[in-house]
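Below, in structure tokens: the form predicted on its own, a single chain.
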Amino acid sequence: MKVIKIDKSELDAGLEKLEKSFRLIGPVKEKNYYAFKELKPGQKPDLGFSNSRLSAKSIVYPQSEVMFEYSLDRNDEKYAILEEPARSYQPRAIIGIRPCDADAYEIVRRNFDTPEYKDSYWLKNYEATTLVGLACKNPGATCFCTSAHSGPFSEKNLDVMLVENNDHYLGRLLTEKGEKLAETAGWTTTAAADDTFENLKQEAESKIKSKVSTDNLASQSLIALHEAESAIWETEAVSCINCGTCTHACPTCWCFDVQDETYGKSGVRMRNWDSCMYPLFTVHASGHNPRGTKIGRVRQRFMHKLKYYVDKYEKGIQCTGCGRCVRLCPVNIDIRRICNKMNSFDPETSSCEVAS
């Protein structure tokens, strides 16, 4: 693994070179928030941000995506034939993605890339993307990434890791894709020592004060947790308004709905992000809704992230600790509190011992 030094002026010059080979995506300020957007020619990512309001999930997994097009004209030789529209998988690079958001792709991939099923839309977008991470030197108050199998300097799903250090950036080239991108940008000429990188990492990790306990989740009884109405779910669901903010802000939520939209004699089949927090999400064709109550929907969200996922994949929780759902929830539902309740739940006494 090579460590390089990039002067800030060299970073901008390198981005100009990358524009010729990559679609560049980076954090852009929009009023009081930051969002990951495709950069216009000559536009630079704003790397002075703390974190974006939404993650870069939509770059690989668009909020709305056309899967097929079709004709309803009976005189058309392609009548009622589903055809995938032309789409570009030009190489792209996300500049400045936070490590927690990059780790989220690894979590989501376990759903979209399995031996039985491979989602070609997600995989082709992901494989065309190079992830250039920006280490988080000053984590937020709601960040708990270090106890969620991630961290402010986590490298496990990045191609390049950058960290700001005074008038320059230090960069670790982590994969072959990362090395090729750095070479294209002209960033590989100045080698740097690795000890500074490690010191900055330790300093950043020491600033994270918020944590969750997950050590007992795998051994907890699924049925007991599901039935912990009074101990967990009634209390947590009482204030929920089913707005879906948590699921749309979450970098690891993957649920979608598929629908046909027609206009005249042409139509498209598309998929759109959906949310387990919406009352219509689980309505059957018969009209029956197995999760017709607010308690059922809140329980489903947290059981999926903190128990079903844990049991199925044995890879930790379905969360990277980015803290977005904590910050953005309009009624202060906190996944950290619920995780600790589930982790400490005692089925014998139906109680949770959670420190205040």
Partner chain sequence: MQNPYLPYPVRIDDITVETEDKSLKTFKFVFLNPGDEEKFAYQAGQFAELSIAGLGEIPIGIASSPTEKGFVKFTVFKTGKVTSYLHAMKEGDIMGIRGPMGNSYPWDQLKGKTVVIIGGGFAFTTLRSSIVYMLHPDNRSNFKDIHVIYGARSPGMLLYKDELMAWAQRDDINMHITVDGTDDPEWKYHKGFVPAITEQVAPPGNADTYAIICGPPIMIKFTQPVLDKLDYSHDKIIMSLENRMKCGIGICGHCNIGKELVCKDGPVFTLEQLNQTPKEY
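Positions refer to the first chain, counted from 1. This structure is a prediction, so every number in the text was calculated from the model and none was measured.
Just so you know, the form predicted in complex with its partner chain exists too; it's not on screen, but the next bit is about it.
- The listed set 44, 37, 29, 291 contains one residue whose heavy atoms approach its partner chain in the predicted bound form to within 4.5 Å, identified as 291.
- Relative to its partner chain in the predicted bound form, residues 23, 177 and 210 are all farther than 4.5 Å at every heavy atom.
- Using a 4.5 Å cutoff between non-hydrogen atoms, residue 312 counts as a contact of its partner chain in the predicted bound form.
- Although the partner is absent here, residue 153 sits far enough away that none of its heavy atoms falls within 4.5 Å of its partner chain in the predicted bound form.
- Not displayed here, its partner chain is kept clear of residue 188 by more than 4.5 Å at the level of heavy atoms in the predicted bound form.
- Although the partner is absent here, residue 308 lies within 4.5 Å of its partner chain in the predicted bound form, judged by heavy atoms.
- For its partner chain in the predicted bound form, the listed stretch (112-120, 193-201, 97-105, 159-167) containing residues with heavy atoms inside 4.5 Å is 112-120.
- Along 70-99, residues 70, 72, 74, 79, 80, 81, 82, 84 each place a heavy atom within 4.5 Å of its partner chain in the predicted bound form.
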